[in-house]
Ligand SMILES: CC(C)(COP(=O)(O)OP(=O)(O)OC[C@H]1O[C@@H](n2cnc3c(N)ncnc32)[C@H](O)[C@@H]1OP(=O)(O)O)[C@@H](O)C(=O)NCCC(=O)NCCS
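Read the single chain below, which is given as structure tokens and is the form predicted alone.
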Amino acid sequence: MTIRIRAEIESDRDAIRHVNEQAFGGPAEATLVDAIRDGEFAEVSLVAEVSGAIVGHILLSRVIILSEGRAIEALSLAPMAVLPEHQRQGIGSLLVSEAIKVCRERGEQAILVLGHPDYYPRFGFSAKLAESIESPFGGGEAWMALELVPGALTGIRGRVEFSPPFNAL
């Protein structure tokens, strides 16, 4: 099986919506993706193709960490989806790895994720690194950060503000 990871294009919208609806069992995440894109908050949006069909999607959008009177820009990884029949085949891992690579190339500082604590650490995400950053969606071991630039989050204490589409959650 050949998997191709590439940037989203306009004609991918319906397929991306389908992937998110199927992966999450409903329209909430698909609606979030549309709202982030339509609000021009999307920074990185990649798809995974198998035999020319879109089977996975990952989206990163801009967030602001408010820390001691200053605003630090970072990215939020949300959501990442793979069609159920293509899960556990490495597609999600390829999407996350490529998204991290693209973010590094763009000069981004850090990525935050609220995700499975057994999955994201393999890419370098750390709950300890995110401990001092408050999320409106909860925390614990599922709230993680990845520094793309070493030391980017050193000494940062504060709360993260997501783009307006996340308020619907």
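The first residue of the sequence shown is number 1, and the count goes up from there. Every value quoted in this text rests on a predicted model; they were computed, and no experiment measured them.
Another form exists, predicted together with this ligand; not displayed. Remarks below refer to it.
Site annotation in the predicted complex: the residue of 148, 23, 160, 16 reaching within 4.5 Å of this ligand with a heavy atom is 23. Contact check for residue 81: a heavy atom falls within 4.5 Å of this ligand in the predicted complex. When this ligand is considered in the predicted complex, residue 116 lines it closely, a heavy atom lying within 4.5 Å. By the criterion of a heavy atom within 4.5 Å, residue 120 is counted among the residues contacting this ligand in the predicted complex. By the criterion of a heavy atom within 4.5 Å, residue 74 is excluded from the residues contacting this ligand in the predicted complex. Taking this ligand as it sits in the predicted complex, the stretch 81-119 comes within 4.5 angstroms of it through a non-hydrogen atom at 81, 82, 86, 87, 88, 89, 90, 91, 92, 93, 116, 118, 119.
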